[in-house]
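The chain below stands alone, shown as structure tokens; this is the form predicted alone.
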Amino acid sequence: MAERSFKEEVEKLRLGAGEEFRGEGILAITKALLESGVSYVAGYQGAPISHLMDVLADANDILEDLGVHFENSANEATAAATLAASVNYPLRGAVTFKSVVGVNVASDALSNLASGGVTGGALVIIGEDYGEGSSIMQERVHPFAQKSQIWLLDPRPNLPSIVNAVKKGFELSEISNTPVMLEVRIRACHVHGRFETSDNVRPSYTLRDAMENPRRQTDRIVLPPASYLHEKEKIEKRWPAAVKFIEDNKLNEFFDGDLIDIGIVMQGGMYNTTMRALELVGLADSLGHSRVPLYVMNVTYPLIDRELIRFAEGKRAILIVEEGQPEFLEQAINTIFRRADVQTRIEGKGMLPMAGEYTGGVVRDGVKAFARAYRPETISDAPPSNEGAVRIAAAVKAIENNVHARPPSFCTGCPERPIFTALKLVERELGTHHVSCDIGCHLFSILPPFNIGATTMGYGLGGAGAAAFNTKSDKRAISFVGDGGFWHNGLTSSIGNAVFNKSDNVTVIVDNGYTSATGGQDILSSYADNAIRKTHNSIEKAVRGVGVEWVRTLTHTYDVAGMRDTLREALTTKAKGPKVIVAQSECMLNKQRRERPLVNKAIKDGNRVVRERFGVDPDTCTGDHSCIRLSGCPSLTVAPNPDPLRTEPVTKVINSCVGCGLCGEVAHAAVLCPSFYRASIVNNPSGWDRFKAKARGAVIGFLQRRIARRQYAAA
């Protein structure tokens, strides 16, 4: 169950010629694929293109009507290998996954694809995840495109440019027999706009045609001597064909300005930010008219020498706006200019930061420095106003002693939190252990209040990250793998490797039912039924299938005592070989997405609905707050103590509580004060419910009055 449904929006994909599409970038990309006559689409979810996979899944009926095959791939390597269908056949195919980490996983398939080349158009849609909003290491996909000679498109972040890039990307791929990458940043994925649509196109040559008329071209397979000829073909045929197509179709764009002795060269994806920066320094208006001539590279690889040289003619200097490091474009353009004896000065990372996201403010400062150096009369000599900095400093000072830092953590009711609570309890008995983490929600365990985990090496590689610690010791290493990472490649890389090398360490497979960190998409072991995918595949059976003998499956992670005891057993058992614990409970976000609308509807319809909530008795609470330190649930906070003779704050459960029961389980397993209570909230109560409530109120009131009388008498 994905975090967002596009069932209504995908109807826009049916728009025909001359109609206007209005919507989000990822929907526009899908519409462009259908208008391009794509035969198949595959991919693996990950920021910032997870919603693109969700759109494709929700549009599956539309795709099938057009004869388009869509797959949720097992991982990025699977997705990239799917493009093999375009090697021998005139089939247009597209795959999508997340930036550098996805490209790294897919590198073997992509390298083979780029070496042998393609017949049909092959488009790789990359969700570039660089900058402050990134969830991964700060790297760019650009060097991979250069390494394997895959053409790289980086269109301006508006819908017409993105749609044109998709369509021209297929044509560029076919004319040069080379796969093409289309790079879309997070803002491009979610930008809203409009464009004039064309009719969707059914593939003229279908997958069925290919299956019934099989072809083979041994010179497309990467084996000597063909592999040596591929390099020759890349340079002598494919590259010139690509350059000619890019020039003839004007994929890169020139924008004139009256300051003709300077110019700015930029990645297409940086266009909006650069225009805003120019506006802020008074060198452009709000309608996008720049006084500085611009060269916008919607294709950042290959570079077009003639266009760059033509743009530099008559200019004293150009500024290159290239986000990220190293400065691949700046180095390449310097080489082009030196070889052509172009004397135009190149500025770039000297005026803009070497690394980090190029926000509007960052680019503004770089543009201002460039203009001040080469056209100082265009920039006001007045010192820059520090009004904004003063306001920010005042705001920081106002909150720094009143608002505590709150690191990102598990959602309220997350079934993964009790796993780490249990591990903290085991640490009290057995001491700390080396813990190898993995990509996924469970990675939040490295932060307070748990502070568990030493490294993370990649998706599904939690067990592999502890491989070196398979040695004689009184302790065992612990590793974590999510269910998404397990099916991605953890079954072989972590579990299979541990079996093969007779590891004695412990692996916990966190099974919350979905690839939750990427948006709640279904996977092989999901509990939900899926009309177009096979779910309900057992992780335990898969683990045993590769040779693990010691396996324990817990179907309720909120049982902290049970989880604690199982972890203790895995760490102390005399049994040899890898120990695997499968910890199952459904992702609370997905559970709430599914159940909350049903509950609300039932209440609205007048049906009796019982919801559980938890609270803390302030008279019993000791104020120790171990319950918070061992749980970290966002619904647990502190409140003033109602007892005038006690100053320490008590624990309080706020309204975000979803009734998972973890707080009470923690109090029981850790032998804390018995201050937690469970209450049932009944909507649309029956007559019997009202009678019980009245009776309970009467009994409790009687007992309270009796206690009060005794206290008064004793006084």
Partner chain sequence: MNAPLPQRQRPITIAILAMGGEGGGVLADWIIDLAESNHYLAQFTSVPGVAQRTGATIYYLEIYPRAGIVDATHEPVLALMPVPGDVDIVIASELMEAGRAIQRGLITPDRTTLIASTNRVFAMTEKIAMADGRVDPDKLIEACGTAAKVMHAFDMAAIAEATGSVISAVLFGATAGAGVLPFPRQAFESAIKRGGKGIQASLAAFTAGFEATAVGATTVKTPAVNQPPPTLDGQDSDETPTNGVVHRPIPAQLLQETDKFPAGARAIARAGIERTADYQGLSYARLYLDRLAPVASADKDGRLIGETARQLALGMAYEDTIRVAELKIRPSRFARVREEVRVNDGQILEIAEFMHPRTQEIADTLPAPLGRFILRTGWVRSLMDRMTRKGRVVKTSSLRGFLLLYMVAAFKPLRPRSLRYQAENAYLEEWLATVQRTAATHYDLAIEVAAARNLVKGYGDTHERGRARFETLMALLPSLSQRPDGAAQLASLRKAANNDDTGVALDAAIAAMKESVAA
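For clarity, a rigid core is taken as the largest C-alpha set superposing within 1.5 Å between two forms. Bear in mind the structure is a predicted one, so any value in this text is a computation, not a measurement. Numbering follows the first chain given and starts at 1.
The protein also exists as the form predicted together with its partner chain; that form is not presented, and the subsequent description refers to it.
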item	value
Listed residue that, although its partner chain is not shown, lies within 4.5 Å of it in the predicted complex (heavy atoms), from P326, G577, P353, P634	P634
In the predicted complex, the residue from I235, M211, A468, A395 that sits within 4.5 Å of its partner chain by heavy atoms	A395
4.5 Å heavy atom contact, T178 and its partner chain in the predicted complex	no
In the predicted complex, S516 touching its partner chain (heavy atom, 4.5 Å)	yes
P157: touches its partner chain in the predicted complex, heavy atom cutoff 4.5 angstroms	yes
G37, heavy atom within 4.5 angstroms of its partner chain in the predicted complex	no
Candidate stretches 492-500, 269-277, 108-116, 239-247, one within 4.5 Å of its partner chain in the predicted complex by heavy atom	269-277
Residues in 174-194 close to its partner chain in the predicted complex, defined by a heavy atom within 4.5 Å, in order	I186, R187, A188, H190, V191, H192, R194
Threshold 2 Å Cα movement between the shown form and the other one for K397, core superposed	yes
Core-superposed comparison between the shown form and the other one, D305 Cα displacement 2 Å or beyond	no
Large Cα shift (2 Å or above) at R678 between the shown form and the other one, core-fitted	no
